[in-house]
Each structure stands twice: as structure tokens, then as C-alpha cells.
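Coming up is one lone chain in C-alpha cells, specifically the form predicted on its own.
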Amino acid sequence: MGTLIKNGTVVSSTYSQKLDVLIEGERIIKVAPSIDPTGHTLVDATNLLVMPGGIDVHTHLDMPFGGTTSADDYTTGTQAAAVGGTTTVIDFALQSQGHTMAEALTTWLAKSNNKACIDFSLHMAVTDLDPNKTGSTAAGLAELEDMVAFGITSFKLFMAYPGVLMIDDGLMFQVMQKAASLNALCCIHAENGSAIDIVVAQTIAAGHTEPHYHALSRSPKAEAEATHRSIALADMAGCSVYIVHLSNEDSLAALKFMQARGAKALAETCTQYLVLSIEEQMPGKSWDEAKFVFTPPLREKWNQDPLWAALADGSLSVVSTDHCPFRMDQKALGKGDFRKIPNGGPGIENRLQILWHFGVNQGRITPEKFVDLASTAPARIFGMANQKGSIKEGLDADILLWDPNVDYTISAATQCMATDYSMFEGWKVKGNAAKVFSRGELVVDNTTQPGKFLGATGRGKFLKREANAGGLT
């Protein structure tokens, strides 16, 4: 009849308890202390934790950038996510200037068609409200309504990358006003792109072209300024805002300042900012440091403890990856000029391992907070709580059986991600996905077939999300 997960400890965002979980079809139909196994296929979860599958709300699959395209497409990227315990991703459709959002949506749905292996949704990156050059933004603002009606209820706004993705404050404010009227959420890449571009040009002119200088040219203060400015504009517009990939204590202080004054502001950080640093990974000694060229860049190590503390106290709501992978032959486009190194790193497969090992195992967060940061809060903030993010009757049976005691060594040689390196090469962690169910189907069994995706390519479904203003209304 169904699949019964028995003898495990269910970990939610608010409790941990010995409970059985019964799946029928694609849904969870019963959660109880003891469910009769008669007629059901039994999955023994003794010594395992039963959690909702992870939700990574910040990925870039099959994304064009800097003359190349991110190495993971929707097949390899979603399979790698699943192997690491993530069962849902939210990727980004990027509107090109001079083109409509509808065109961007068509392009990204084509990228995922018959390729996505787990469920997914999209944010829409808005770069142009007047692509047809009519002198009016009315049509562009109407497109925002179309996106929300389609189930895309979050909009990405870039304050960096002038001439490509960056928008000015006026356009950003118009989008925020419209998003507020639609109960939608604005996601902000918060860096002062204009100031950064001047510093970058000055750095190159001084002959500093190595990867190390990518990090030095993008000041934490430029991120903090943009964080404050974007939240202030959103507050003026009555809009809920979500700062993506917050990387340092200065930006965190700006976030907390506005949160304390009632602004509807949320933020994420990413695994790389919690455990990697410029001193350890990018000391300025080799081209190999191109592996760690992403934006915002790595920060000084002392920023990590404040970020962990903010995850524990709720100032930061989510841990994502900003997974944007490139092979080293792609990174080589920037040899001799760090501006041309494709920005991004691979992390979708290792998010939960890193968060558990360095968070839960080291006493920085509880298992319940781990579930909240990795699954429940992402579902709530991005309008999926009626489908995903909890072990609850009626929700999709996206279920992660987590082994907190297993040892695992992270390595490019065994990863599913389509890069030839790992940002965490050789790291030994304790805790890993044992079995992963996606809508009731066992798609990963690391206990018998480690690192292998067991489901059919293309089985992932597009998720239409609710407009709930980040759950802040």
C-alpha cells in the first residue's frame, strides 16, 4: 500500500521525536508514534534522523556568464543536489536588457525541460522595465503581474555588474512598489557596483591581476552600503526584501539595524562564507585561487562567528549555496585579468554536510535550527510551505534520512557536480544523507549505491509558488 519509515527520529524546526512516517503515492499521509506496518514497504530508520528534504533557494544552473556557461545543467545540478540531501531548488531566470521577462521565462523553462531530476522553481531577475524602448515602464510592471500569476513570486534585483545586470535605484524602487502591491518578495544582490567598478579598474591599472585581487577589490563596506540602501528603499516602498549571499559582519550590522526599525527584511548566507576565508583559501600565492572567485568574495575569517551567531538567533534566516560552478578550464578565461574569471563555485552537493558538521557538530546550531535553515524557512519564505519543508501530513513526501554518525570525505573525485575541483577538497565531515525520497520515490540511497541518483532524468516538476511577501505579512 505505502512506504513506512519506521524507528527513526523525526526532526522538525521545532521538535525532535521518535515517530513513524507513512507515505502513499507522492504525499505524507500519516505521522504518528507507531504505525502498523502491515501491507506497507518498510524502511528501517534506526539511528537515523528523519527530516524534510533540503531546499536550496539560490542556484545558477546552465547560466551564461563571462563568455561561458555554468558547468552544471539541470540534470547534473539537480542530481548532485539530491545526492547531498536537497530535494528542491530555486534557480534564476535572467532577463536580458532589451528583452522581456516572458522571453527569459521561456528560455529557462526550456533549459529545465526533461532535465530536472528534483522539483524546482524560479526567481525572475529583472533588468529592464522598458525593453521595447517605449518610454514607459507600464508594460514591464505588468509583466511582474504575469510572473506572479504564473507562480514566480520573487524578483531578483542586482546592484552590481553595471551594464549587464545592474539596475539603478529608480528602477529598483519601481519594482519594489509593484512587488509590494503583489505581495511578492524582492531578492537583492547587494553590492555598490558603481564604486566597485572604479576600484576594480584602479586595481588592474596598478598591475594587480591575480585572483586574490578579485576579493580585495570588492569591499565589505560596498556590500554593507548596498544592503542598507536596498532595505531602506524597500521600507519606503512597503516591500518585503531578502538579501542574498550576505557575507560579512558589516552587512549583517546593516541588516540588523533595519530589522530593529521594523523593516520587512530577511537575508541568507551561504556555506562558503561560514567556513572559507581569504586568509586560508586566497592568500595571493597562486592561480589555483581562481577556484574561490565568486561574488561577494571570501571575507576575513573573523566574519564567520558573527554569521553563525546570526543564524542561531534568527537574524539570518536561510543557508543557501549560490551554486554557480565552473571548471578550471573555464576559469582560465581570466588568466592575467581577474575581471574575466567566471564568478562562482560548486556547492549544491555539500551544503547539508557543511552546515551539519560545522554547525550542529560544533554546537553552533541545534538539529532543529539546521532543519529550519535548510528546509522549513526556505519553504515558508518563498511560498512553498503548503507543499514542502516539513514532515507533515498532506505535504509532498520529500524526506531525508540523515545519518549523523557516518564519516564522509568530500572530494572532486567522487562528487556528482560537473566541476573538476571541490571548494572543500579532502575535508572530513561527520553526517551525511543516507536515503533521499523525492515525492515518495527513493532517488538516492547512499548506504548501498553512494553518490548515485536512482530516479529518472526529467522527473522534476516546476513548482508554482504563493505570493506571501516572504512570510512577513
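It should be emphasised that the depicted structure is a prediction, and the values quoted were computed from it without experimental measurement. The first residue of the sequence shown is number 1, and the count goes up from there.
Omitted from view is the form predicted in complex with a small molecule, to which the following refers.
In the model of the complex, the small molecule sits within 4.5 Å of a heavy atom of His60. The closest non-hydrogen atom of Ser219 lies beyond 4.5 Å of the small molecule in the model of the complex. The closest non-hydrogen atom of Asp322 lies within 4.5 Å of the small molecule in the model of the complex. Within 4.5 Å of any heavy atom of the small molecule in the model of the complex lies no heavy atom of Trp427.
The partner is absent here, but in the model of the complex a heavy atom of Thr295, alone among Gln387, Ser317, Asn192, Thr295, sits within 4.5 Å of the small molecule. Note on contacts: among Ser277, Ser121, Asn343, Ser112, the single residue with a heavy atom within 4.5 Å of the small molecule in the model of the complex is Asn343. The putative spot formed by Phe155, Phe173 and His228 is not touched by the small molecule in the model of the complex; no residue has a non-hydrogen atom within 4.5 angstroms of it. You can rule out all but one of 201 to 209, 257 to 265, 72 to 80, 155 to 163: in the model of the complex, only 155 to 163 has residues with a heavy atom within 4.5 Å of the small molecule.
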